[in-house]
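So this first bit is one chain, no partners, the form predicted on its own, shown in C-alpha cells.
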Amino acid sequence: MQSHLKLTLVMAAAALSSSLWAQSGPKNQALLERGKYLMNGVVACGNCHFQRDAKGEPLLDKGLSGGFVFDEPPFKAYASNITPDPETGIGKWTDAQLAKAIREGIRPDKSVIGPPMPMAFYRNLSDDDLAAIIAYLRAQKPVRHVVPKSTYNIPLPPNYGPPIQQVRATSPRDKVKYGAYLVEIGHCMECHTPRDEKGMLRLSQLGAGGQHFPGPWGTSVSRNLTPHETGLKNASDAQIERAIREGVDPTGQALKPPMGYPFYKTISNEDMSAIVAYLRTLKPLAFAGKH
C-alpha cells in the first residue's frame, strides 16, 4: 500500500516539461492540463504502460515505457512503450497516427493492436480528450526501452470498426450519460466483464465481473459493478467511491491490483459522482465468476 501511495503522490506532484509549458499558450496549456488529468486519473494508461520491477511495482523514473506482460491463454501481450522515444516509442508518430492507434487500434505500419488494449472503449474518446491525451504523451520524457513483441493464439480482426471521423464531447450536465462516457474511456468494463474462451468480452454480462488476474500480488478477481445483490446494490455511494479511490471494498477488504485506485484518487468529485450514478443504471446481473 505504501508503494501505491507513493505512486499517487508522485503522479499528483508531477509537472509537465518546462520547455513545453514555456512554449504553450493558454489554449495549449488547458489541453495539457486536461491530458494530465485524464492520464493520471480515469484513463490511467500508466496502470498498464508503466515499466515495472519483478514485484510488479512501477518504475516511476521509466515512465510510460511499457513492458508489463499480460500472460493469458489467448495471448501473451506486452504493454507498448508510449514515451516519445524515436526508436522504441512513439517519437516518430504523427498526431494523426497516434490518434488512429489509440482510437482505432491501427499502428502507422497498418498492423492491428491486439488485446488487452481496450479498443472497443477508446473508440468513444471525444476529439477534444483524444487531443489532450496526445498532448500529454508528447510532453513526457523519452525513454529508450525495447518491448518484446506480443503473441496471440487467437486471430486478430482486420480492424475494430470503420474509421472514426468525429466524436463530440459529452456534456457533464447529463450526469448519467457523462458517467457512462467516463466509464467507457476508463475502460472499467474491460476488466469487470467476463470473457469467453476466445478472450472476447461477454457483453451480455456487462459489468458482472469474474475475470482473474494473476500477478505478483497473487490472483485478484474483478468485482461485480452492477446493482445486483452480488454487486453494488447494498453499497452506498460513499462506499463505492472509497472502493474506487482507495481500493477498499464495502466490507473493509483491501482490493488488489490491477485495480488502478492509485490513479483514481485524482478523479474530481463531480466526475466520481457521475461514474457512480451511471453504475447504478446498469442491468442487475449475478456475479459471473468465483472468488
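Please read these numbers as outputs of a predicted model, since none were measured by experiment. Numbers for residues come from their place in the sequence shown, where the first is 1.
This next part talks about the form predicted in complex with a small molecule, which is not shown.
With a 4.5 Å cutoff on heavy atoms, Gln205 does not count as touching the small molecule in the model of the complex; it lies far away.
Proximity of Pro227 to the small molecule in the model of the complex: non-hydrogen atoms within 4.5 Å are absent; the residue sits far from the partner.
Contact annotation: Lys265 falls outside 4.5 Å of the small molecule in the model of the complex, judged by heavy atom distances. Proximity of Leu32 to the small molecule in the model of the complex: non-hydrogen atoms within 4.5 Å are absent; the residue sits far from the partner. Comparing 197-205, 138-146, 216-224, 166-174 against the small molecule in the model of the complex, the single stretch with non-hydrogen atoms within 4.5 angstroms of it is 216-224. The contact with the small molecule in the model of the complex, taken as any heavy atom within 4.5 Å, belongs to Val112 out of Ala131, Ile154, Ala120, Val112.
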